[in-house]
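In structure tokens, one chain follows: the form predicted alone.
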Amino acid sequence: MIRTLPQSGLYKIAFRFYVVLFYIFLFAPLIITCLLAFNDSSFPALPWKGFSLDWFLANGPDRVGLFHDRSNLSSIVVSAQTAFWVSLFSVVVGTMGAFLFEQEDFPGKQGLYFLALTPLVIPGVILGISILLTANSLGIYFEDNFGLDVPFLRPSFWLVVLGQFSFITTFVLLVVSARLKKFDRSLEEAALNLGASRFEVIRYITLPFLRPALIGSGAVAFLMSFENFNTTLFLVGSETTLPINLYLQVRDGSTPIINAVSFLLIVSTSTIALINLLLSNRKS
């Protein structure tokens, strides 16, 4: 839309109507889910039967609220632990990869960069199946030839971490690389000329410059890992993550406790985003 051109009244009405519909489409499902978390009904759907906190606090034989549901609470903890390790490994390896690809041309640089981006275009289902088959094949090989039982090569917590790490690292690599391209190399050269070691230059000059990209990519990596479903579905073991646990509950028929979980996630992520926005405005 070119704002300098004259606009008819009908066009303005249609444009505003479109904007309203767009945001209704985005937020209506979230609002309904949050409201149903307080619905005094045994089914996670309409109609509305009154306000209730049972799906958060109840601990009786008929209803068990979220704060007394060990299955959902443990899955939240597992998702948080998985996201922590995935984001940590992704930021470290992604940053190292960004440093590598910012070096002068070396043999095979373009090919390696293309391979580094490949996990982003591979469907998560294919990636999860591929990692699972590879791990199972290696596990069978070690067991048949060396008599070794490697728990890591079976569906487990660390196999989920590996599967998510394999594609989330690429995102961190892109974000840090974009930030690194704006770095003024003369700052490093000045520090080296003044007697600083290469490690001191990276610690006191380069990394502080990359701090916004590291924090931002780490936060997004955490969220991507926390909500990942496609890849995790094939690699998860007895310790299920929250998305897998919610899927199993919906498949088998669940109570409105899934709405309570969704409500807490929506509120927590919105609060974090709001705090980040306020801090950014204050710094500005």
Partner chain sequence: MKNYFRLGLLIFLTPVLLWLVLLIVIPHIELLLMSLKGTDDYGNPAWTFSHYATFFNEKIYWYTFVRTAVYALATTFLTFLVTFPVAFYITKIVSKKFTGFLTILLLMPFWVSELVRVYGWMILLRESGVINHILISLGIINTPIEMLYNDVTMMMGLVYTSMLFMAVPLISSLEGMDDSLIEAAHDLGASPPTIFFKIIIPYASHGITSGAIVVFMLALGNYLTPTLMGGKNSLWFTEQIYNEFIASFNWNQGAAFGFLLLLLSSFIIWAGLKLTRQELGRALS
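Just so we're on the same page, rigid core means the largest C-alpha set that superposes within 1.5 Å between forms. From a predicted model like this one, the values you see are computed outputs, not experimental measurements. Residue numbers count along the first chain shown, from 1.
One more form of this protein, predicted together with its partner chain, exists but is not displayed; see below.
In the predicted bound form, none of the heavy atoms of T82 sits within 4.5 Å of a heavy atom of its partner chain. At the 4.5 Å threshold, heavy atoms of A58 stay clear of its partner chain in the predicted bound form, well away from it. By the criterion of a heavy atom within 4.5 Å, P123 is counted among the residues contacting its partner chain in the predicted bound form. When contacts are judged by a 4.5 Å heavy atom cut-off, L174 counts as touching its partner chain in the predicted bound form. The three marked residues, I32, E104 and L265, each reach its partner chain in the predicted bound form, with a heavy atom inside 4.5 Å. Residue in contact with its partner chain in the predicted bound form (any heavy atom within 4.5 Å), chosen from V150, L115, L88, V77: L115.
In sequence order, V125, I126, L127, I129, S130, I131, L132, L133, T134, N136, S137 are the residues of 125-140 having a heavy atom within 4.5 Å of its partner chain in the predicted bound form; the partner itself is omitted from this view. With the core held fixed, Q103 shows a CA shift of 2 Å or greater between this form and the one not shown.
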